[in-house]
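Shown here is one chain on its own, the form predicted on its own, set out as structure tokens.
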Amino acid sequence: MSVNQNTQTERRLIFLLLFIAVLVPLIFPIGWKTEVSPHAKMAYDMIDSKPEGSVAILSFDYEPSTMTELQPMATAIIEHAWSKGHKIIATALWPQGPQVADLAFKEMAAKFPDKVYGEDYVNLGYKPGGMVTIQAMGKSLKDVYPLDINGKKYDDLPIFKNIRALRDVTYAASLSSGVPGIKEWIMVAHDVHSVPVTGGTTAVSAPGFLPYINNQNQLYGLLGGLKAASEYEIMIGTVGPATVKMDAQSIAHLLILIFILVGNIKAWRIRHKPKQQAGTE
């Protein structure tokens, strides 16, 4: 077998092993636990401290391209909020936010069959405008969302019995992958109406929001990427999609480290082989 053929065979073997390493944990979850970061704990504690009957806004400010990281956060927060007896108003500053919200609610409804649409949760749909939309919600939620995503009138939905404006909700959480998103919720919901705000974003965007976690509590913690979503699942005691995906990612990383080690050993042996042969002659 030539050197090129040997190299091609090794590459195919590496791809096959990586495929198996990723696939097996997805089919048979391991449930490895990871250390919970202070920022994820802060977000958890804020929601956990709110009493039963609290009404929260969960804004789905992302689209399918970032669902891998943000959708597990959405399901974990919904599960946590519902387990505490909170009610959830879903909004969206991104056009496809209402669709990902529907998927999250359907997934969690299987765990909480007693939750009733209109009483325990509602999907208000998408509104353009970003910060201007949130500012308008500060004056009247009904004026911004006279109908929900299904065409039901605001006044016919029991969840809005005591909710007239943004200041009436107990807390707000934004899951965002860009602008508009968390920053706009901080600047209006917290800074103007004193509503506690938390949220989650992609791992690459998370550092940009860390300055808002400060003494003024502009942001109560932050979930950054898939790992933070798995940390949240650990805190609520569930093995969810983030934990399963982190299992696959961890095994793939471990296998890559092994490949690097084997590759370096092989390269070292090749470099030293001629010298050994020369020394014996």
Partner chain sequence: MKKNIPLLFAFVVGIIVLASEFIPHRPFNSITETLQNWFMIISGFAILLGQISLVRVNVSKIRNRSRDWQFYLACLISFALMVIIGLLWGKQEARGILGQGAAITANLGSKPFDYLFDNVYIHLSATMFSLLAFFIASAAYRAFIIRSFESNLLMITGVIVILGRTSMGSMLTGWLPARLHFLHLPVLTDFIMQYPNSAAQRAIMISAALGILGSSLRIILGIERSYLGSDK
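Positions refer to the first chain, counted from 1. Between two forms, the rigid core is the largest collection of C-alphas that superpose within 1.5 Å. Fair warning: this is a prediction, and the values are worked out from it, not measured in the lab.
FYI, the form predicted together with its partner chain isn't displayed, but the following is about it.
- Only one of 85, 118, 146, 207 comes within 4.5 Å of its partner chain in the model of the complex through a heavy atom, and that residue is 207.
- The single contact residue among 54, 66, 238, 217, judged by any heavy atom lying within 4.5 Å of its partner chain in the model of the complex, is 66.
- Residue contact check for residue 170: none of its heavy atoms lie within 4.5 Å of its partner chain in the model of the complex.
- For the chain shown alone, residue 179 is not a contact residue for its partner chain in the model of the complex, no non-hydrogen atom being within 4.5 angstroms.
- Although the partner is absent here, residue 227 lies within 4.5 Å of its partner chain in the model of the complex, judged by heavy atoms.
- Contact annotation: residue 159 falls outside 4.5 Å of its partner chain in the model of the complex, judged by heavy atom distances.
- Checking 107-115, 122-130, 77-85, 159-167 against its partner chain in the model of the complex, the stretch whose residues place heavy atoms within 4.5 Å of it is 122-130.
- Residues of 32-64 that come within 4.5 Å of its partner chain in the model of the complex, judged by any heavy atom, are 32, 33, 34, 35, 37, 38, 39, 64 in sequence order.
- Relative to the superposed core, residue 36 shifts its CA atom by less than 2 Å between the shown form and the other one.
- Taking 2 Å as the criterion, residue 247 counts as shifted between the shown form and the other one: its C-alpha moves by at least this amount when the rigid core is aligned.
- Cα of residue 106 to Cα of residue 30: at least 3 Å longer in the model of the complex than in the shown structure.
- Compared with the form shown, the residue 31-residue 80 C-alpha separation increases in the model of the complex, the change being 3 Å or greater.
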